[in-house]
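Given next, in structure tokens, is a single chain: the form predicted on its own.
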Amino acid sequence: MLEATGLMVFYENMLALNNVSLQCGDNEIVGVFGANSAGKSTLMYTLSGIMEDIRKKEDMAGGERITVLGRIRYLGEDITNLKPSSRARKGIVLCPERRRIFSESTVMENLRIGAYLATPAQTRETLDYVFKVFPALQTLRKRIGGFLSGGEQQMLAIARALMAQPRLLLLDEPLMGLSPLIQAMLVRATSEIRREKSISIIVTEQYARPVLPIVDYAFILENGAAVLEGGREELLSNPDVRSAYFGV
């Protein structure tokens, strides 16, 4: 489905991504794990195309010079230079870190904003589905986003991304700052979404342990570089990885 090769991102003279290559197949969940500032969000911005928007805005404002190198192929097509809006129309949808919902809009307004790429029939069907996966949102339909708890906001952020009809869903640190109970619920929901909707998923996290049971393959990032990759059993058997990323 998606193959990224030799991705490099420079912020001025700082190397944020260093020759990262990554693959995600049909109906797979791929994990990307690493400490803060390892390059996880930069990778997600690059895959989704948002990095191109950031780069152009910095150029226009005379700000930080950003350079992006490497290749990204999706469904057999080179999308390296494609705008983020065009990537979204092809099914690559990012659910960013720290939720970033529309805090002054209601839950329903957030979901309808997310459905800008959907037909009316798809909107109705996906609304029913997200209320099934996240039943708490149905009772909170009229609640203003800014008054939701952190866990509720994360449910809304994922649900809003689903409304855009993704074929490849990019989840950037969806468990950040949440209780173990909410983390476990979101991990189960992620697995259900993959199974029931046949959506491929790339998920980043600082600690791998909560997500490990559902990933098919994983990459470890350190200082912008992919230093290790493998299946979940392979990574879990590595004592250094267990200590640093799995908390065991």
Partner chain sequence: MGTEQEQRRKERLDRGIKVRSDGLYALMSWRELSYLTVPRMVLIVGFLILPLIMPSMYWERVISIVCIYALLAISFDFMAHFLGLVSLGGAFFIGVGGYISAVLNHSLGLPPLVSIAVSTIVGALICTLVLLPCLPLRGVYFAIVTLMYPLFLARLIEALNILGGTDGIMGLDSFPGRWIEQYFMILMVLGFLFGMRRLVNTDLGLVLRAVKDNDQAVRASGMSITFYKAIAVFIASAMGCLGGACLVHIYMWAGISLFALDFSILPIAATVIGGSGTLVGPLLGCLILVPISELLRAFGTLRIVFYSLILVGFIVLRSEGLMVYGQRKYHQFERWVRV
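Just so we're clear, the structure is a prediction, and the values are computed from it rather than from any experiment. Numbering follows the first chain given and starts at 1.
This protein has a second form, the form predicted in complex with its partner chain, left out of what is shown; the following refers to that one.
Judged against its partner chain in the predicted complex with a 4.5 angstroms heavy atom cut-off, the residues E3, F10 and T67 are in contact without exception. Between its partner chain and the residues R141, R71, R124, R98, the one pair within 4.5 Å by heavy atoms in the predicted complex involves R71. Stretch-level contact analysis of 186-194, 37-45, 200-208, 53-61 against its partner chain in the predicted complex, using heavy atoms and a 4.5 Å limit, identifies 53-61.
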